[in-house]
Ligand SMILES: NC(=O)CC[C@H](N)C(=O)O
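Quick setup: one chain, the form predicted alone, written in structure tokens, and binding and motion questions come after.
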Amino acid sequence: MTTLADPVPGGRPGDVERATALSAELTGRGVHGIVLAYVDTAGIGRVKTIPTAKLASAAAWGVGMSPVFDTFLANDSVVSTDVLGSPDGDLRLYPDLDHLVVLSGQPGWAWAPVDRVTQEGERHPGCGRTLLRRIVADAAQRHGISFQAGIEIEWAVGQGSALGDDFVPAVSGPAYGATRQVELSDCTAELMAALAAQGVDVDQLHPEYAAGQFEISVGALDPVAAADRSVLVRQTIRAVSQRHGLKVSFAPAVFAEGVGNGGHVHLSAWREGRNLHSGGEGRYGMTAEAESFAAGLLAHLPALTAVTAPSPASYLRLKPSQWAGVFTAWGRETRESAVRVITGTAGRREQAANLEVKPVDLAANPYLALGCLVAAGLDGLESSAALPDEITGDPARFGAEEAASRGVRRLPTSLDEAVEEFRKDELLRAALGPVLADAVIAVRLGEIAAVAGLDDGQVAAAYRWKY
């Protein structure tokens, strides 16, 4: 479980003593440095590293880093808002000692997610991890609800020897094929061993549909820990793959055409140990609160895409009839619906039932994505929103009149449209707060400007190796 208390200058009670002991233990295990990791508004993982001996100092006083990264673009250009994007100021990165792990895929290194705090010891309003922790804590206090979340990770594996920025699939076997699994068996076996050593429970790892594509599913955790785990797993995949001479991309679209890489989110709400998505009197065993939570997700999905699909390349992936979930529709085990109701197998439904949100990719900052999804669902729950009729099959088959009568709406087809929907969504902007909401808009507009005039193939190439 994630620690809910914010870091403070000087360290929370016991932090410095614990960090001192951890430092000695890590040194004894041959760990020389610690990666301090967070994700910026553009969804890029940013880091600073410290010698293992400096862990106690970092736990007490943090490590300096500029707030300018809140308005960095994926290409490392900088945009600005009225309060972010200048060369002024400093933040402190505080490692979460509860989630510090030794990196099996990077011998000599450990890793820890961080919260970002101002020099005055206050929450940094641009810190997505701090924001998500606040939203989760607020849900527990106001509604007695906790959450379990998991983020699927799809990635494309390329030959490390490919020229320039080209992508050449490292495997030739068919989608979901045994041949592809054999071709990459040494690397994936090492990957599973590394993740197990890091305390990550893997549910599935298998070849996927697109060229060179694989997918991994890991166990669900509370939302903050789930976002941390998503960052850690990608770091591990990248490190292990590199040791095998491979290059990986988590970008939404490696090529302009075809199926892209998703980052589907699985989310369930719980109260006093009971899963609200099972054992109720609603459809497929959902409780009334679970139905309203799903209705809230559907209502806010057009605006949510500015957070869950934040790159111009995201919209190369979000196409109808490719299981990307591009319509405001829900269905039980319907992989074309944006919100897929998963009941689980008979006998395990109380533990397994959840909602899968499909229009999400790995360009998204996972803390912002989960925070906004929880906020949207809670908005539906608080208003007792009615869940519309289920849609089965492919919603793309509906004509405009039938789609409208069923409440089925196409999600934004470009980042421009998504930004406009986000501007209109007061609930999501309030959930993020004005500083972070303005940063989201500024960064998205910056990404749009960065690819102005490029064709789809050039857009895919521009982001291919950014994620």
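Please read these numbers as outputs of a predicted model, since none were measured by experiment. One rule holds for the numbers: they count along the sequence shown, beginning at 1.
In what follows, reference is made to the form predicted in complex with the ligand, a form of this protein that is not presented.
Using a 4.5 Å cut-off to the ligand in the predicted bound form, not one of Asn275, Ser292 and Asn354 places a heavy atom inside that distance.
For the chain shown alone, Trp323 is a contact residue for the ligand in the predicted bound form, at least one non-hydrogen atom being within 4.5 angstroms. Contact annotation for Thr328: none of its heavy atoms lies within 4.5 Å of the ligand in the predicted bound form.
Although the partner is absent here, Val259 lies within 4.5 Å of the ligand in the predicted bound form, judged by heavy atoms.
At least one heavy atom of Gln213 is located within 4.5 Å of the ligand in the predicted bound form. For the options Asp222, Asp115, Asp379, Glu154, the one in contact with the ligand in the predicted bound form, meaning a heavy atom within 4.5 Å, is Glu154. The contact residue chosen from Lys247, His124, Arg234, Lys358 relative to the ligand in the predicted bound form is Lys358, the criterion being a non-hydrogen atom within 4.5 angstroms. Remark: of stretches 104-112, 259-267, 345-353, 71-79, the one touching the ligand in the predicted bound form is 259-267 (heavy atom within 4.5 Å).
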